[in-house]
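The chain that follows stands alone, in the form predicted alone, written as structure tokens.
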Amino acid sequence: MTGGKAQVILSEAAEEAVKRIQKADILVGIPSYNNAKTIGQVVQMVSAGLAKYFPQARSVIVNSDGGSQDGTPQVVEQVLQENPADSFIAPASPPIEKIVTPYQGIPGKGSAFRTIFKIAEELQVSACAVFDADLRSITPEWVERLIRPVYEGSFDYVAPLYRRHKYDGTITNSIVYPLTRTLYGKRLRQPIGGDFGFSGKLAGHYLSKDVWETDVARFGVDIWMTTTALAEGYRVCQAYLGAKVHDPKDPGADLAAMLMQVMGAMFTLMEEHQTTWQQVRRSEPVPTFGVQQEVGLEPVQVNVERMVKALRQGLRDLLPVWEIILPTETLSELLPLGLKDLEEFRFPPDLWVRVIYDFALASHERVLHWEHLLKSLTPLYLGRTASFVLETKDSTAEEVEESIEALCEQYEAMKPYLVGRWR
């Protein structure tokens, strides 16, 4: 594999646009694939946010598209031609530029980001943000909150902070947030939120990495961006954005693929940054911008019975696999979980943390084929999620957040177990 920069090839139209624009201050990227229904609203809000909050900046909006068949790029062109930012822009302000381009490379969000990073580097921008193309809750304020800490402050990376339903984002709540904060020492609440702000300097650093022909380019880019910023010493913060409205999913349904992708990326990054995270002793808060407000949230339906059933099935079918991955002590505590009645079912937090650490260690020691290892985590994750729902069914959002905080503290307290066995 060659280095990241050599692989990046912009389309001819994108190259011409970059030459025409020459330099910009702010870039907002919107990666897309068949998002014609929602991307128009996102582009409108981004345009309005740039015009309202950064009227004197030279700004550019980049739509990096993965070959949409539903007319997504055409929607972007149409919305930008109508220029919804006009009502905000003072007569002397520079116009907002646009680049609508297909991305090059293997299909996936990471390849879309690589195009955005490349254009940011070419235009020598100082601040960037990226937004998902399927957002339904974005406002102009999101643009301001993700960009200002970089543009006027000294931060290199701004993670989003959303208000979410207590059962939305269970992979983040039970694994990604606690493990990321334990490993790298910063309490970034949404490490895989999808919408980020970052400096032009960090964009160039991302571009130089040799990951663009790997799984990162397909589906690990969010956690990779966050981890790289944390592990390599960039200044990070988070910004409160309010509710993130997207299509809510039952935490027990269709999450096996996402769990595999996220955990595969996290375990890979643990190898890359092992010297760094083994030296981190405790976590600390990061600066937070914006004001938390109460917002309306869409309900998330949860089928606890199906999740517990999946764990019981795993205890029957996957025992030979788990015997390879998990130490006898961990396994002996897991086995009785299959015998409990639904209302009494509980998956203790300390046992869950040990399971995650044991899987990380099994990945490190390559005891099993990568895909089999990651797939076999799913029933255990569903069991822990079911337990969490049963424990918190009468809890307020604040009480649920306290439970997640307690789980994070459990991860941190048990980190010596991970470090000791890793070595």
Partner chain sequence: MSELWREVIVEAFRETAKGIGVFLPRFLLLIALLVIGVLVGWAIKALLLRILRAVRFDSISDRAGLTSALVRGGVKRAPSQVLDLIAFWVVFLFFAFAGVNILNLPAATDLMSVILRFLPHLLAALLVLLAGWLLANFFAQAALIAAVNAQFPGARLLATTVRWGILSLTLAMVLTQLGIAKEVVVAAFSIAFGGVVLALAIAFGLGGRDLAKELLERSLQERVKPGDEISHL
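Remember, predicted model here, so these are calculated numbers, not experimental data. Numbering follows the first chain given and starts at 1.
Although not depicted, the form predicted together with its partner chain is the subject of the following passage.
Novice: So, 216, 268 and 404: all three within 4.5 Å of its partner chain in the model of the complex by heavy atoms, or not?
Specialist: No, none of 216, 268 and 404 comes within 4.5 Å of its partner chain in the model of the complex.
Novice: I'd like to check something about residue 78: if you look in the model of the complex, is any of its heavy atoms closer than or equal to 4.5 Å to a heavy atom of its partner chain?
Specialist: It does not: once its partner chain is placed as it appears in the model of the complex, residue 78 has no heavy atom within 4.5 Å of it.
Novice: Do residue 29 and its partner chain share at least one heavy atom pair within 4.5 Å in the model of the complex?
Specialist: No, residue 29 is distant from the partner.
Novice: Is residue 383 near its partner chain? Define near as a heavy atom within 4.5 Å, in the model of the complex.
Specialist: Looking in the model of the complex, residue contacts with its partner chain do not include residue 383, since no heavy atom lies within 4.5 Å.
Novice: In the model of the complex, does residue 170 have a heavy atom within 4.5 Å of its partner chain?
Specialist: Answer yes; at least one heavy atom of residue 170 falls within 4.5 Å of its partner chain in the model of the complex.
Novice: Looking at 58, 375, 52, 354, which has any heavy atom no more than 4.5 Å from its partner chain in the model of the complex?
Specialist: Only one option qualifies, and that one is 375.
Novice: Exactly one residue in 96, 99, 133, 262 has a non-hydrogen atom within 4.5 Å of its partner chain in the model of the complex; which is it?
Specialist: Partner contact (heavy atom, 4.5 Å) among the options: 262.
Novice: At 4.5 Å between heavy atoms, only one of the stretches 151-159, 311-319, 114-122, 181-189 reaches its partner chain in the model of the complex; which one is it?
Specialist: Selected range: 311-319.
Novice: Taking heavy atoms and a 4.5 Å limit, what residues of 360-381 are near its partner chain in the model of the complex?
Specialist: Contacts from 360-381: 365, 366, 367, 368, 369, 372, 375, 376, 378, 379, 381.
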